[in-house]
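Single chain ahead, written as structure tokens, the form predicted on its own.
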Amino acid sequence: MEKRNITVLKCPVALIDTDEALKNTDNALKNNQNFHIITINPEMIMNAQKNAEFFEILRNSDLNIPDGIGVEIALKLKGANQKRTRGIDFSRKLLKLASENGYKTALVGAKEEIIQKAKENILNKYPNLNVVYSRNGYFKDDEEIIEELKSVEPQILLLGLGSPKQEEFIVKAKKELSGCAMIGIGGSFDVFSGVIKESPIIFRKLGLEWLYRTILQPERFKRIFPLLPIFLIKCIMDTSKD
């Protein structure tokens, strides 16, 4: 199946299922190509409306996987019946792919104790995974970290710095690394470490993970509202054609 994009508020979103997205990633690695994956959500799309540089990052990435019920609804409004792929689920599949193929893997982000616990838990689940680099996300010099990554030559990079910082970092890293699939995973290391519980399956099925996280972290409320309603209103009013 060939990847096809449709735009949501002018931002490209791939109409592609999880397995095909994983296959595209694996093909890029087998061809020693860099591959920037974004699990695109309403917050990113809204940020791109006011941040031209971030919009260009979304426009020029290799694969924007729809993440979040808001993007799924936006695609339906465009006539595309495309299911979302949760970022953390795709990250798990990448780790499994890396484990099965011997791909060298780097983990960057979160606090020191969280990234170390996340690494421990990931290796418990994927004992054959070759983790060649791990460090916390508290650094000021991107170039220093990119130089360290160059020295270990990762083929999979999971970066949990939050958006847009993680996407901006990947754009820089993509110029220096080779044969590396890079993905920003936001706060997924918190889940991998066990510090934050994953949303119950009923919340996931209904696309209400954001609500569960807001219940656990009420400070997220100001960030989410009124963003989500405004996003959906803008999508309803959007008359642009693809």
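Source: prediction; values computed, not measured. From 1 onward, residues are counted along the sequence shown.
Separately, the form predicted in complex with ligand UDP exists; it is not shown, and the next lines address it.
Only one of 90-98, 125-133, 76-84, 105-113 lies within 4.5 Å of ligand UDP in the predicted bound form by heavy atoms, and it is 105-113. In the predicted bound form, every residue of the candidate spot (Tyr138, Leu161 and Gly187) has a heavy atom lying within 4.5 Å of ligand UDP. Ligand UDP is not shown here, and in the predicted bound form it never comes within 4.5 Å of any heavy atom of Arg204. Although the partner is absent here, Lys10 sits far enough away that none of its heavy atoms falls within 4.5 Å of ligand UDP in the predicted bound form. Mapping the unseen interface onto this chain, Lys117 falls outside it, with no heavy atom inside 4.5 Å of ligand UDP in the predicted bound form. A residue is said to contact a partner when one of its heavy atoms sits within 4.5 Å of a partner heavy atom; Arg213 meets this definition for ligand UDP in the predicted bound form. Looking at 209-233, the residues that come within 4.5 Å of ligand UDP in the predicted bound form, counting any heavy atom, are Arg213, Arg220, Arg223.
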